[in-house]
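Quick setup: one chain, the form predicted on its own, written in C-alpha cells, and binding and motion questions come after.
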C-alpha cells in the first residue's frame, strides 16, 4: 500500500514577507520608502507633542502654551467635570461604580452562553436596575441625585445602553409586523417606520423633551430623560428593524414551509429558527448601527443634557483652559475610540465565531 506524503510548505521569513509585500517592484519600493518616512516623521512629532514636551501637572500650568508640547494639566484639573458632569462631587464614586456595573453587564451580554430569552433579559434587569439605583440614590442613606444632575461619561453610557436594550426588542416587533400576513399591520408598521425615518434625530428628541409635555396631562408627562431615551430608542428601532427584516428575508422560505408542515408553532419558528439566522446574517450591519448610536448620544447636549462631549466643552469654557481645547478634544476622542474600537473588535470576533459570510 502506498501512502502519499504532502510536502511541507516553505517557511517564509520576515525578510521574504517584507520583500513580497513592500519591495516587489521598483515602484512599490519607492512608495514604501516614502510612506515609511512619512509615518516615522508623524510618530516622532506626535510623541514629542503628546509625551516628551508635554505638561502633566497643574502645578506647572503656567508653562502651558509656552512650549511645543501638550498641556495635559487641563485633564488633571477638569477631568472630573468631563467624566461626571454636574453629578455631586462627593457622590461621584456612585457614578463610577454604576458605570462599572453597566460595562460588566455589557461584557456578560457578549458571552454566547448567556444568549437565551430568559437569561439575557434577567441579566439586564439586574444590571440596569443596579445602575439606576446607584445613580439616583434616595435609599439606604444615599442622597437623592435627580437625572438632571447626571452627566459626563455615565450619562453617555446610560443613554446608549438604554436605547439599545429598549430599541432592540422594538426593532424585532417592527420587523415581524412588516412581514405580517395581515395587510393592516404590515402597512401600518411600514408607514410608521417611514414616518420616523423621515425625521432627523434632533427633531425626534426635541419633540420628546419639549413638545410632549405640552400635549399630555401632568401625570403622564414623566421624566425628561426618560422621554428622551424612549424617543431615541424608537428612532434606533426603526433603523434596526429594516436590518433585521433584511436578515429575515435572507433566510430560506423552505424552512418556514417545512416548520409549518411539521406543525411548529409560529413563535417557536421565529425565536428558535428565523431570528438567530437573521441576527447572524446581519451582524456587521447591527454592529455598525450600534457604533452610530453610541456616537449619536452626543446630540442630547442640544436639549440640555451634559453628556461627555458637553462636559468637555464646559471644561474649556470660562477662559482659564480655553487654549487647551485641542488636548480636551483629543482626550474625548480617545474615550469614544475605546468604546467604538471595543465594539468593532467584539463584532469581528463574533463574525469569526459565527462564520458570517461563510456557507
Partner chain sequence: MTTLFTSQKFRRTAVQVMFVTVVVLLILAMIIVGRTNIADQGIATGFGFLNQTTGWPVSFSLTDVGPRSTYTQVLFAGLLNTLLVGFMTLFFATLLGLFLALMRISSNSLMKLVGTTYVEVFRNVPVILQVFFWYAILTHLPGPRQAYSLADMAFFSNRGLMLPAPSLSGLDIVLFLIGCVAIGFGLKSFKFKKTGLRLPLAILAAVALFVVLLMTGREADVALWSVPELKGLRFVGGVSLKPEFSALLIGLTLFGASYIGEIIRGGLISVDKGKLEAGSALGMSSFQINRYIRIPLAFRAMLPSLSNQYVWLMKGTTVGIAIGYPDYFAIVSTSINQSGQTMELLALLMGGFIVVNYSIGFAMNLLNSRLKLKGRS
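We call the rigid core whatever largest set of C-alpha positions still superposes within 1.5 Å between the two forms. Numbering follows the first chain given and starts at 1. Fair warning: this is a prediction, and the values are worked out from it, not measured in the lab.
Omitted from view is the form predicted in complex with the partner chain, to which the following refers.
The partner is absent here; in the predicted complex, the one residue of 132, 122, 144, 211 having a heavy atom within 4.5 Å of the partner chain is 211. For the options 246, 195, 97, 271, the one in contact with the partner chain in the predicted complex, meaning a heavy atom within 4.5 Å, is 195. Judged by heavy atoms within 4.5 Å of the partner chain in the predicted complex, the contact stretch among the candidates 168-176, 196-204, 78-86, 254-262 is 196-204. In the predicted complex, the partner chain sits beyond 4.5 Å of every heavy atom of residue 64.
None of the heavy atoms of residue 113 is located within 4.5 Å of the partner chain in the predicted complex.
Heavy atoms of residue 31 reach within 4.5 Å of the partner chain in the predicted complex, making it an interface residue. Although the partner is absent here, residue 184 lies within 4.5 Å of the partner chain in the predicted complex, judged by heavy atoms.
Taking the partner chain as it sits in the predicted complex, the stretch 271-310 comes within 4.5 angstroms of it through a non-hydrogen atom at 292, 295, 296, 298, 299, 302, 309.
When the rigid core is held fixed, the Cα atom of residue 317 travels less than 2 angstroms between this form and the one not shown.
After superposing the rigid core, the C-alpha of residue 292 moves by less than 2 Å between this form and the one not shown.
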